[in-house]
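Before any questions on how it binds or moves, here is one chain, the form predicted alone, in structure tokens.
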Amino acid sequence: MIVCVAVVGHQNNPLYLQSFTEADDALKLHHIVHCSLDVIDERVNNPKRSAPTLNETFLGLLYPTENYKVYGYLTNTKVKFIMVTTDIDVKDADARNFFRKFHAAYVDAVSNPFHVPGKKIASRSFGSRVSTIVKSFGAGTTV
């Protein structure tokens, strides 16, 4: 089950953060998302990485915590997508599919002529689309 999703800008500014649990966990999830930015920077800026993996947008499992697993995705414009889940065994194919749908929803939201680039995403349609994608995660349905 996905408990939190986030979109973080290329300057590590939060563009969208939504948790799908009680309010008690919201602060902890925000902290987990913030900590994952260091892991993403470490992976992207590591000069020892081989050339084919540098072009890969799906970063995979960033790090596990006691109760959660954190996955990441990096766009060509250095916008980061982060997913926090409670599932023990998430298949990479399911996570890639989730991020592909999430990225498509993000592109649609920022393509709105009234959206100011670099500002938080306040679109209700984006929020409802993300909720639908989160609910369908792991169910094998397409959105």
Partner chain sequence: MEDYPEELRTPPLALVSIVGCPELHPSISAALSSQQPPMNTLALPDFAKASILARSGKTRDPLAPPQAPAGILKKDWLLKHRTRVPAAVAALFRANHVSGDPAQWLQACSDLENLKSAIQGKSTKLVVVLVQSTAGDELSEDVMVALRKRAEIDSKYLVVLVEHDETEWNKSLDKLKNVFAELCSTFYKEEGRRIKARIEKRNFASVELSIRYCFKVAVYAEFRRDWPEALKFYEEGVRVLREMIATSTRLPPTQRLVEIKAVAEQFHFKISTLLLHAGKVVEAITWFRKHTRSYERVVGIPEVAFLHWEWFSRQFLVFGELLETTSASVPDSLSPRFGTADNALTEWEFQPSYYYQLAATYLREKRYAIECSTVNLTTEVNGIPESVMPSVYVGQYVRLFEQGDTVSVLPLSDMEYTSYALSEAERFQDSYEIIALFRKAYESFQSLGATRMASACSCGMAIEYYAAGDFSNAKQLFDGVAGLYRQEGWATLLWENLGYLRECSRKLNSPKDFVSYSLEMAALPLFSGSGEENRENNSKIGPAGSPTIFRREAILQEVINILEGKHSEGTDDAFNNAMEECTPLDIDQISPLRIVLTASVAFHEQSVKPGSPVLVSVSLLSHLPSPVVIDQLEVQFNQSDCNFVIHSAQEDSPLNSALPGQFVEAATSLTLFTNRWMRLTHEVKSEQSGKLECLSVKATINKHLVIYCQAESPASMEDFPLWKFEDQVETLSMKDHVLALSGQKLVQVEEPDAQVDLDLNSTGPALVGELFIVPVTILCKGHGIHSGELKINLVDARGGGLLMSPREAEESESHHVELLGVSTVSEDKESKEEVDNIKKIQYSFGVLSVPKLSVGDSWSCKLEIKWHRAKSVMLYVSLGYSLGSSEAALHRLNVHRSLQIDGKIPLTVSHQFLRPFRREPLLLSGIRSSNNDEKICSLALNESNMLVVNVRNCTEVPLRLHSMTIEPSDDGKQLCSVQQISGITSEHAVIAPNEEYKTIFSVRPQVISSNFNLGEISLNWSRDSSLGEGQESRVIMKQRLPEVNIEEPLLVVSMECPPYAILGIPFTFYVKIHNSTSLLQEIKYSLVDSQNFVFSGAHNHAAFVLPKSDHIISHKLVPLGSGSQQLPKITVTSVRYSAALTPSTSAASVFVYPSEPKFILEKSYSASDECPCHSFRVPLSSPPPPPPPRKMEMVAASKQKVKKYIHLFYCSECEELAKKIAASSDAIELQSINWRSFDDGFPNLFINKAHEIRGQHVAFLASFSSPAVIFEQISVIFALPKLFIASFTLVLPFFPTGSFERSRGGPTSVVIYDIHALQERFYFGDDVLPCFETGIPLLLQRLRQLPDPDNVTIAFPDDGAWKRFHKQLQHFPMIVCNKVREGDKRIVRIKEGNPEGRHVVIVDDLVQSGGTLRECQKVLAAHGASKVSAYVTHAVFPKQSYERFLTSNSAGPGDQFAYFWITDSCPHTVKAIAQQPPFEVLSLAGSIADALQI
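Residue numbers count along the first chain shown, from 1. All values reported here derive from a predicted model rather than from experimental measurement.
One more form of this protein exists, namely the form predicted in complex with the partner chain; it is left out here, but the text below deals with it.
>> Whether 11, 30 and 118 jointly form a contact site for the partner chain in the predicted bound form is the question; each needs a heavy atom within 4.5 Å.
In response: Yes.
> Though only this chain appears here, would residue 109 touch the partner chain in the predicted bound form if you measure heavy atom gaps against 4.5 Å?
Replying inline: No, residue 109 is distant from the partner.
> Does residue 133 reach the partner chain in the predicted bound form if we count a contact as any heavy atom within 4.5 Å?
Replying inline: Contact check for residue 133: no, nothing within 4.5 Å of the partner chain in the predicted bound form.
> Is residue 20 close enough to the partner chain in the predicted bound form to count, meaning some heavy atom within 4.5 Å?
Replying inline: No, no contact at 4.5 Å.
>> I'd like to check something about residue 43: if you look in the predicted bound form, is any of its heavy atoms closer than or equal to 4.5 Å to a heavy atom of the partner chain?
In response: Residue 43 belongs to the contact set for the partner chain.
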